[in-house]
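One chain follows as structure tokens, the form predicted on its own.
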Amino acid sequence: MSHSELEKLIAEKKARVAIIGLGYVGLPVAAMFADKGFDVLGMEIREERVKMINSGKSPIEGDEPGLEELLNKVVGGKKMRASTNYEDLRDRDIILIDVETPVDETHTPRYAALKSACTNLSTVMKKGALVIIESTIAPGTMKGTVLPLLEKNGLRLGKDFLLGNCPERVMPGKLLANLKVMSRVCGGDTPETANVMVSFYRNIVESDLDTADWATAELVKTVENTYRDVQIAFANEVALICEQAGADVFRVRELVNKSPNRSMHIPGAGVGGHCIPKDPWLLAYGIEGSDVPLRLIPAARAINDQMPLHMVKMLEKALERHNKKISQSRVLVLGYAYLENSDDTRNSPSATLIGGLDALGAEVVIHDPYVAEYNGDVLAKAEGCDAVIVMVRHDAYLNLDPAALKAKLSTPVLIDGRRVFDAAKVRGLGFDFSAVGLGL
């Protein structure tokens, strides 16, 4: 199929679309293209998830505006269905791959899902199809990993299929909104392929769609998230300085940001999610073996990774003021998701915090209104606890009555990693209150 033929199918909404991987990215993408009139097939290895989606229900918990309603609409309208069978992909004209791309403990990309998707697709791919990798990948992955796998069974790029990458840019809680308003980079094997990608994505994206080559598109996404990681690390290090200097980092940040072109990030109890903790390592991996010295990226990762353990140190100091040892304490952790009002627990800073508490012998109680394993009555869970640590800025905690919380505690220790509580107010109630970036 030529570029012009594929563009004609896209314009007429006759291009048959598939999305491999129906998670936080793939599911909303599938639903949005289906809503625009395309015939969409979702490929997912988890059978229970497929059944749920085919019943019109979203498997994504948390506050995700409009997603379940949209999914119910397109599934009910026979514009979208999910499957576990790769054979169903044989008639697809455009295939998007949205699978996880984690790194391991040595910061090496683990592309098991990506490799599996590409390998399975290569056996059933329609001649002339356009394959687009939306997963975030290290520079060089398109050329070194994706292309060889798609060509494994004799198909050839440019002759038998087209290949591009268009890194996703979404965040839990804003999945549909981000897909509409965030700009995207369409990296193609040729400028013509990139232009076809623009025509396709224009159906759902209202912002800029810039064309590029594979390497540029790979770099834009990993650099963007690495930039955020470095900026957050700077804010966290300043917060630690403010604690020692007896100042409030939020007031410092407010005044710094009054200067033109300054935008200091918000510090906090750690960085989580699928993207920011790993994408800096993907960027670094892309230049492995070169003579580029890596100093800033590893330093930023180290700062952000240690913030949950800094919360443990804050707790130890607070308990000492009450002649309590952490090994003899019961601690309530508020929030297990990595992001407010979400059920996404990937790379949760709370998991690191809890590991640190467990290692010191504390009894840990966990509450999260969006994570099924940990929801329930927060005040009931606070009963008899010696301390509360706030790790996630869920709306439920913003509305929590601090006086009612204090009444349940054996020791009034409150450690706030997300500035949920007003320091003056809770200290006025008798709390021993500490917060990230707040000097005592």
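In this text, residue numbers run from 1 along the sequence as written. These figures come from a predicted structure and were not determined experimentally.
Keep in mind that the form predicted together with a small molecule is not shown, yet the notes after this line are about it.
Exactly one of the stretches 264-272, 245-253, 186-194, 94-102 approaches the small molecule in the predicted bound form with heavy atoms within 4.5 Å, and it is 94-102.
In the predicted bound form, the small molecule sits beyond 4.5 Å of every heavy atom of Val388. Looking at Tyr86, you'd find a heavy atom of it within 4.5 angstroms of the small molecule in the predicted bound form. Taking the partner from elsewhere, Glu168 is found to have a heavy atom lying within 4.5 Å of the small molecule in the predicted bound form.
Residue contact with the small molecule in the predicted bound form: Pro172 places a heavy atom within 4.5 Å of it. With the partner removed from view, the residue among Arg346, Lys73, Lys317, Arg81 that has a non-hydrogen atom within 4.5 Å of the small molecule in the predicted bound form turns out to be Arg346. A heavy atom within 4.5 Å of the small molecule in the predicted bound form is found for one listed residue only; from Asn341, Ser122, Ser116, Gln306, this is Ser116.
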